[in-house]
Ligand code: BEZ
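Take a look at this one chain, the form predicted alone, written out in structure tokens.
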Amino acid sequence: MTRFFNEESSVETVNERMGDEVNPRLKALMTSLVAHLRAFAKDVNLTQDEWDFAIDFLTKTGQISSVERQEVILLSDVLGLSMLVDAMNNRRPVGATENTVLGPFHVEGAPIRKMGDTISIDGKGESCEYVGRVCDLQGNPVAGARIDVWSDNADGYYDVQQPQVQPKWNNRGIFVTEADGKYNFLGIKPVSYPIPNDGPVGKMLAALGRHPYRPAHMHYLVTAPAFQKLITHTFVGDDRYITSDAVFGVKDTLVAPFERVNNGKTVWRSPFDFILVPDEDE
């Protein structure tokens, strides 16, 4: 074991300090992290001022985070790390609905609503009917699937971002399928919006010449007994940001139809089926 730290043996010096009874997975993760951090610092010849700036950036990222706002998740999202981890952990067979990022605005405990109910409490925005089925890979309907949905409002904000402006649970709700696996609810056609860009992550994007916008989308969290959890969105295909999502969340298969309705109960209609994968652990 090396006794003292030096530049050439820095990886070995740090990693050799770990105890013998360390969890094997933790040891593997930390050993690799130390090696990659050293490789990065050496590759870019990291200066002390740059490292001080990075520490300040990470400190501010933590300080601005709260229950309603998770700046650390935003940082992971805009670096594409969230989508990479999501893709590696949610490889699914052809035909199954693909995952995408949860995002920082999901809230536990949304009200359970009846099929056909509206999630738009403030009534603002262009109305849209969302319809479809929850099925397995063979096309069989899935009964008892909980479909947790949420979206921004007509101004591009989630209710938790405007607690004094929007009603609580605005554009949120949970729907449970019956034997036919069908779902339908009313909401609004979502609009594109910027991720919170008044903090460290927003300043980083500006410095990199990147915009902070997400294309318009509806969030879904679909769960059912004996099936894998599905976290996904459906996207409005003609949105100006559809090919430059700030958090890299768009996938071709998640671009949904948004059909204009003539003389109907809503302005728009968006059909989309969710295809679930069996949970092999159950």
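Remember, predicted model here, so these are calculated numbers, not experimental data. For every residue, the number given is its place in the sequence shown, counted from 1.
Below, we refer to the form predicted together with this ligand, which is not included among the displayed structures.
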property	result
133, 149 and 273 each touching this ligand in the predicted bound form (heavy atom, 4.5 Å)	no
Partner-facing stretch of 85-93, 192-200, 121-129, 134-142, counted where any non-hydrogen atom is within 4.5 angstroms of this ligand in the predicted bound form	192-200
Heavy atom within 4.5 Å of this ligand in the predicted bound form - the one residue of 236, 224, 247, 230 that qualifies	247
4.5 Å heavy atom contact, residue 173 to this ligand in the predicted bound form	no
In the predicted bound form, residue 71 touching this ligand (heavy atom, 4.5 Å)	no
Partner contact for residue 105 in the predicted bound form: this ligand, 4.5 angstroms, heavy atom	yes
Contact test in the predicted bound form: residue 158 vs this ligand, heavy atoms, 4.5 Å	yes
Those residues of 213-247 which, in the predicted bound form, come within 4.5 Å of this ligand by heavy atom	214, 217, 219, 233, 247
